[in-house]
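Just one chain follows, in the form predicted alone, and it is written as structure tokens.
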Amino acid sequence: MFAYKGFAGKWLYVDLTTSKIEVCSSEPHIAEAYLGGSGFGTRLLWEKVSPQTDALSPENFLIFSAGPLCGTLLPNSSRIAVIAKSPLSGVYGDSNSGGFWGPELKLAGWDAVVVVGKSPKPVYLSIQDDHAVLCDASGLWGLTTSETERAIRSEQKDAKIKVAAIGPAGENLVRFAGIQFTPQRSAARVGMGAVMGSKRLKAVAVRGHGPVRVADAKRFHQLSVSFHQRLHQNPIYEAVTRYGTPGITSIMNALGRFPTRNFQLGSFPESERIDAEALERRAFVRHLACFNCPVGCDKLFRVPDGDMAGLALRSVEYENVNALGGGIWNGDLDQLLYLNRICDEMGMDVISAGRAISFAMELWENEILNLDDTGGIPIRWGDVAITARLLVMIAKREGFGALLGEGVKRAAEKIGRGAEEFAMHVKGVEIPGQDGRAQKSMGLAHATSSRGADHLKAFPTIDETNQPDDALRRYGEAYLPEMANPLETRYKPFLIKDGEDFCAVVDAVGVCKSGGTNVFTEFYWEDIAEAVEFATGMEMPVERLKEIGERICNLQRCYNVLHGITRTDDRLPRRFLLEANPSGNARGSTIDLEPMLDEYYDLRGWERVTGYPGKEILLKLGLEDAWQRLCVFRKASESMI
């Protein structure tokens, strides 16, 4: 029996090259140092996947990992982490999904599924409690994500099976292909679906019937009830429950933080046609929720009439509204939903897909692209018919779509002629729906994120709207007013460092950032420490939990350093540094990144010049092996100069 509750105590190792499936015992010292989720994945990637490994090769690991709080009574305990070397960035990669798949894996009795190798033919992995088997998926290859889910449920004769599936984009190795999880939730970012496709793994289907046991059932139950009550009493509960994440569209637009026309603007003049209120009026059917979620930010939408009559989908997020709305200059809500549906069915990250097309639209606008480049397709702003066509071409790797499927960094390098200036990315990953000129902490977060441009690795929300209450509650009066002001840079390196450490823990335990930790800013270090202690039986003072978060972040950075990442890669496109935001409250603002980066490195204990983690912090965190590998790497690098 495993030393700690909350964990199943075992994980599956699947070698697709040999079709061998092994049961591996979880190791207590790994749970103590990294918990689970992306923490477990980070450590395994560090140990097993070298810098010489191509992300789309059989040697890459694909890790599905649930944390110790996933599948428990704690609210919002639905999250599953997917970790691999990213084919989009070429460095550390992870993605995260809600829904029901993660809890189902825990109910089946597993902490993680680790997949290596490459199958000689398409397969899917079926997990029924303790029984795991590879099944022929030749008949599923080419199907969309929802078609795949329906086919597996029909074949298994069980409508309650939870499925993680790729669509044509993953099969065709689109570098930002995602994985769709039951029901229509996505682990979308940085190309985990392409890794899955490279292994010819079409899906992982899970059905579980067992409990998730906790160490102190009484206190854990009391804490869970308290968490539920606190969420209901939170001042933004009603708005988030009613609208979900699209509810911030109008607010972000007013702030100049709503990226428009490939970040040329920070506001979209037609935002009222695609915001949460418009979405509710036009297509709302009913509220939905992930496993054990009292917030219910998920919704079912259906277009009632017109050309798109009957089109139904769920999980419409703020990022989708931005990337397929203002990002491409589209104010047609029905068409936006249609484009969203294409991405879900094809299995593509909406953010990267939308940014790839807005990138192409700006290149067309500047006459860098012409009909010869695009195969006769004029790629003009707001042309949703062309956008829909391009999305399918990307997923199928056809024509000009094959180039866009490489991501904007690689596409710009191949196009040349100054295209790089318009590629809005960090470390090869397309920048999501925030303009860092309007929220300086988010600009820094995009630059420092371990998986490339990202808002969820630090997820700073307390300074979005210049409301001091959350900043006061978390950090105290000494940090005000600057901490709450989105246009101020003071204290923002501290905010990002703390946010990255905290979010690393949230991703390691398996709870949702939209359900209390970040969007609500309701639960913080003390709350998660109590939950982990009551669930697992580990003694978990706050300082120990903070150390775990810091350890995960530092090991991810060390992994990236071995792949050549330095300070020069913690960069933002020149548009954010030199071109003033022309919109909303951010009018006239740019990002002064370098001083924030200096302070961030100092707080981390990293070298300012290189961005390498220092000896003192690595030894403090018990990462002696990381320090030794960095020393060897540095010596080898210096000998080559």
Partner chain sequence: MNFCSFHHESMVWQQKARLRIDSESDDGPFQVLICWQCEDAACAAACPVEAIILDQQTGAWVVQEDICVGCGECVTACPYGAMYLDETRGVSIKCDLCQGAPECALLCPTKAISLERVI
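Numbering follows the first chain given and starts at 1. The model shown is predicted, which means the values in this text are computed figures rather than measured ones.
The same protein also has a form predicted together with the partner chain, omitted here; what follows describes it.
For residue 183, a non-hydrogen atom is located within 4.5 Å of the partner chain in the predicted bound form, even though that partner is not displayed. The closest non-hydrogen atom of residue 72 lies within 4.5 Å of the partner chain in the predicted bound form. Taking the partner from the other structure, the partner chain in the predicted bound form has no heavy atom within 4.5 Å of any heavy atom of residue 410. The closest heavy atom approach of residue 228 to the partner chain in the predicted bound form falls within 4.5 Å. Partner proximity in the predicted bound form, defined as non-hydrogen atoms within 4.5 angstroms of the partner chain, places exactly one of 371 to 379, 425 to 433, 206 to 214, 494 to 502 at the interface: 206 to 214. Here is the short version: of 131, 417, 286, 414, the single residue with a heavy atom within 4.5 Å of the partner chain in the predicted bound form is 286.
Only one of 473, 121, 281, 232 comes within 4.5 Å of the partner chain in the predicted bound form through a heavy atom, and that residue is 232.
Of the residues in 270 to 296, those that come within 4.5 Å of the partner chain in the predicted bound form through at least one heavy atom are, in sequence order, 286, 288, 291, 292, 294.
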